[in-house]
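Starting off, we have a lone chain in the form predicted alone, written out as structure tokens.
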């Protein structure tokens, strides 16, 4: 395999998060990736940052191979309906009402630097530094998988970097040890679609989960206590993972269309991307 690098960008104004992006790329793709990330940060709807940090790091071990979660879009009628349906989806994943309430409380304040890590049963915070949160890092998508994803999303009018980035991140998180589900609301005031990601169901988009112009948002990872939080955090922040296979890109559906479980491949650490990707 060619040498691979993790490229990470984070833009801030004062202590407020403006924009972030990251991926795993081949050496000859680093230059154009850095330019694209810088352009994204400088043109963000939240305004120009006063600090922009870039980190390029050699991946020293082969990335594990996973499939992307299936993608669905749920019919919603507004923020109240979208959040009710999000709570229903999380309940299917074994997340308690207490944990769901805690998550929405965290997301309502916005301004998170990383994701909150919550006990799916008791609702307690499990990350050691609640100001920093937990970062899902060292993640990417192979060139072949990206081509197939772009084509599939285009057919559903969903081909946007925001959707692709979130799907890759959610797919890595869902493959993590002890993960029950993820809840995300974008902190971009112009983007009102959130999602719930569940390993056995997929990446489920929730339009209108907040009002346009709202500054709330962030990510919450729900985990079971069957796995030590430190073990999951090491996986999320340090284990290189790449999406090499695309799953179903579905239509707009109702909750009844999510009954059948889906197979999401866990990374084994030894399964490496095929050369064709």
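Keep in mind that this is a model prediction, so the values were computed, not measured. Residue numbers count along the first chain shown, from 1.
Not pictured, yet referred to below: the form predicted together with pimeloyl-AMP.
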Discussion item. Based on heavy atom distances of 4.5 Å or less, which listed stretch (118-126, 164-172, 86-94, 144-152) is in contact with pimeloyl-AMP in the predicted bound form?
Written reply: 164-172
Worksheet item: Exactly one of 185, 179, 82, 100 has a non-hydrogen atom within 4.5 Å of pimeloyl-AMP in the predicted bound form; which residue is it?
Response: 185
Discussion item. Check residue 134 for me: does it contact pimeloyl-AMP in the predicted bound form (non-hydrogen atoms, 4.5 angstroms)?
Written reply: yes
Worksheet item: Is the gap between residue 193 and pimeloyl-AMP in the predicted bound form 4.5 Å or less for some heavy atom pair?
Response: yes
Discussion item. Residue-level contact is defined here as any heavy atom of the residue lying within 4.5 Å of pimeloyl-AMP in the predicted bound form; does residue 221 satisfy this criterion?
Written reply: yes
Fill in: residue 201 within 4.5 Å of pimeloyl-AMP in the predicted bound form, heavy atoms
no
Discussion item. For a quick check, can you give me the residues of 101-133 that have a heavy atom within 4.5 Å of pimeloyl-AMP in the predicted bound form?
Written reply: 112, 113, 114, 115
